[in-house]
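Quick setup: one chain, the form predicted on its own, written in structure tokens, and binding and motion questions come after.
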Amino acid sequence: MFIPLDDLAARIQDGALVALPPDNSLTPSALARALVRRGVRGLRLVGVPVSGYATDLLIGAGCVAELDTSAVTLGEAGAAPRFLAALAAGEIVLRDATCPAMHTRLQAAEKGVPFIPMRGVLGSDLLAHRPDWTVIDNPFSPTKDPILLLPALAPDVGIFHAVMADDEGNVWVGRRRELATLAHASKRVLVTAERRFAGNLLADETLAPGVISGTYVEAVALAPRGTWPIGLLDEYPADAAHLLAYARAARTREGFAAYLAEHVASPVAAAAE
């Protein structure tokens, strides 16, 4: 179940539909950097429900062809510069959404149904840009009652970081239970983890509520500080200074290339992961 980080990255094929969580959750930063080093291409990323540092890094490195998300942001560090540059240059296809829509589509896949109804988007301009979303009349209403149907979203691969993983493949994500939906909806799940847990996480009554069963997890790679520079729950805070430096450097292609050389591609950076 436990494999090296680069081997985990090698399991994500070019062109795969890959779902990952936002920066306020358990973002797989170390795995994103490994994917950049591998030179993966044509990824179709899904932000659950929004995207951040890892997505911007992959876009800047030329790894991404399409993005389905409700936002891309670096939070307090500002806008995601490589995303904005790629979008302006027509280098990626953006499928705009809302946070509830992203979660709802994953829930449809989790339940094994082809679509699921939702109301919140009705009346917005978003519908004009999502031909894959359909408005029908509620068949159970005696009066006209429009309802939006969203197609199920089943990613090829779901990726995220975890605080702990055991030898059974169970992973502990604490209170970030939306990652369970991501795992249930995805065809395959690849996880990085801070540390190995001695024993079975599901056998501990205090830990079990925050566990995603190894039934859904294909493989795990140990990656200490694997969300860095993003913070990890109560384990460690975000590196605000680094994120701000990244945001400044990534405003230009030259600055981004320098960032990759120092923090991603260099032997020292790779060895640290």
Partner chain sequence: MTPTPEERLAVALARLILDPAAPPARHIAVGAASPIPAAACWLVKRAGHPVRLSLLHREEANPFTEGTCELFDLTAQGRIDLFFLGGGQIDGTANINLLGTGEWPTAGTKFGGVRFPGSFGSAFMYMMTPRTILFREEHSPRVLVPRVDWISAPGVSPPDVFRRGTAQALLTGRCVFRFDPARARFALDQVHPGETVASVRAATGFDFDVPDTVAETPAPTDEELALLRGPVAAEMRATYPGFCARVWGAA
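Positions refer to the first chain, counted from 1. What you are looking at is a predicted structure, and each value in this text was computed from that prediction instead of being measured.
Omitted from view is the form predicted together with its partner chain, to which the following refers.
S.K.: If contact means a heavy atom within 4.5 Å, which one of 198 to 206, 102 to 110, 165 to 173, 151 to 159 is the stretch that engages its partner chain in the model of the complex?
M.R.: The contacting stretch is 102 to 110.
S.K.: Given that its partner chain is not shown alongside this chain, does residue 136 nevertheless sit within 4.5 Å of it in the model of the complex, heavy atom to heavy atom?
M.R.: Although its partner chain is absent here, residue 136 would stay clear of it in the model of the complex, with no heavy atoms inside 4.5 Å.
S.K.: Test of understanding: in the model of the complex, would residue 178 fall inside 4.5 Å of its partner chain by heavy atoms?
M.R.: Although its partner chain is absent here, residue 178 would touch it in the model of the complex, with heavy atoms inside 4.5 Å.
S.K.: Residue 119 near its partner chain in the model of the complex, any heavy atom under 4.5 Å?
M.R.: Contact with its partner chain, yes.
S.K.: Answer yes if any heavy atom of residue 252 is within 4.5 Å of a heavy atom of its partner chain in the model of the complex; otherwise answer no.
M.R.: No, no contact at 4.5 Å.
S.K.: Can you pick out, from 72, 190, 193, 183, the residue that has a heavy atom within 4.5 Å of its partner chain in the model of the complex?
M.R.: Going through each option in turn, the one that passes is 72.
S.K.: Just to confirm, with a 4.5 Å cut-off on non-hydrogen atoms, which of 245, 233, 222, 65 contacts its partner chain in the model of the complex?
M.R.: Residue within 4.5 Å of the partner: 233.
S.K.: Would you give me the residues of 6 to 28 that have any heavy atom within 4.5 Å of its partner chain in the model of the complex, in order from first to last?
M.R.: Result: 24 alone.
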